[in-house]
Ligand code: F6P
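Quick setup: one chain, the form predicted alone, written in structure tokens, and binding and motion questions come after.
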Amino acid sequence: MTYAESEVYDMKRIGMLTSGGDCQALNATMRGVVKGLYSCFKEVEIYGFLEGYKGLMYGNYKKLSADDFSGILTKGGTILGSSRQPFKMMGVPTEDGLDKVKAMKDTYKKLKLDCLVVLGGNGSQKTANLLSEEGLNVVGLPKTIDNDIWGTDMTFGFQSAVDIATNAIDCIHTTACSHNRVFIVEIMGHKVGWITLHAGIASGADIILIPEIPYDIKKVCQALDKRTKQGKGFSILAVAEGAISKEVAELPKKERKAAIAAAAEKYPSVAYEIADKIKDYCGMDIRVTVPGHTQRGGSPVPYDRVISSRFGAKAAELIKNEDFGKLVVMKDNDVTAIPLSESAGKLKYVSPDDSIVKNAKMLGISFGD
């Protein structure tokens, strides 16, 4: 007798939404949830809320069947659509006077949902925790290309983004070598540098600059000069979009924000600012490449398909056991769950003392510090 035949329960009504920035494997994860649910229950009603929390607020949803989740394992993006609804604005009524939290609770109760499954990053999971504290049954799934959700070793979407970023840097190598130039490749990551760190190591970048390790432009130029003296005709910098100089990082919060805002008015992005600094200090010929939102697109890599399927199955298990208020996480390659409240509001940063940073420095990679 199979698991599906021996452990089947009554019907469940499940709401599902994808919130925040899109990424690869959102569809794969939803598929995993639904396939798991159909293994646990005789009947399942799935209500997919369109455009994330916005759909939950306004009761904009689709009733979906198992067929709607067939054939989407390899499909990027999200079949439900997404939107950014900042957590800090959840207590602020919309322009038309809608009480957001009350509206979401009303929609949940109107549809008589047994659980709401939230696929999202840090802000989305903070809202998921808020709804859990308001009495709704909620299960969270850790989505973000940044891999910065506290409490999980890995998020789905991260490895796919690393793959794209790595390929972008790989492609730069040949033209950089041909023209003996310094290239800066700007990688996504405003607050954390996990993508830049992994892609930089994977592609053989010479310098990696991330938000958690403020750079000294003099040290950056020293690393470039060292390569020139070694007869290396080109250099590649993998730079996170949130990279910050030591001078700016040491400023008081208000002044630091003002300095970052001033730079944003002068330069298209941080990579151009760093290129300008290197040119002024070293006089080198610099080129900038910004892969941008390509890092969120395309099909999920096999690794993400596997962990997404595992995450989805775990979410179904939590629903079966009525173990709500939890975030599905991966710890030491084991898929488990922690309370949403433990993770909400926390970021998982790269530490300068992390072994991966130390390993990178042993390989001769400079972090500009």
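Since the structure is predicted, the reported quantities are computational estimates derived from the model, not experimental observations. Numbers for residues come from their place in the sequence shown, where the first is 1.
If you look for the form predicted together with this ligand, you will not find it shown, but the lines that follow are about it.
Going by heavy atoms within 4.5 Å, which of 249 to 257, 291 to 299, 108 to 116, 201 to 209 lines up against this ligand in the model of the complex? Careful reading of the contacts points to 291 to 299.
Is the gap between residue 241 and this ligand in the model of the complex 4.5 Å or less for some heavy atom pair? Yes.
Looking at the partner-bound form in the model of the complex, is residue 226 within 4.5 Å of this ligand by any heavy atom? Residue-level check for residue 226: no, no contact with this ligand.
In the model of the complex, does residue 190 come within 4.5 Å of this ligand, counting heavy atoms only? The answer is yes: residue 190 has a heavy atom within 4.5 Å of this ligand.
My question is simply whether residue 84 lines the interface with this ligand in the model of the complex - judged by any non-hydrogen atom within 4.5 Å. So residue 84 counts as contacting this ligand.
Residue (of 145, 197, 141, 237) lying close to this ligand in the model of the complex, criterion heavy atoms within 4.5 Å: Only one listed residue qualifies here, and that residue is 145.
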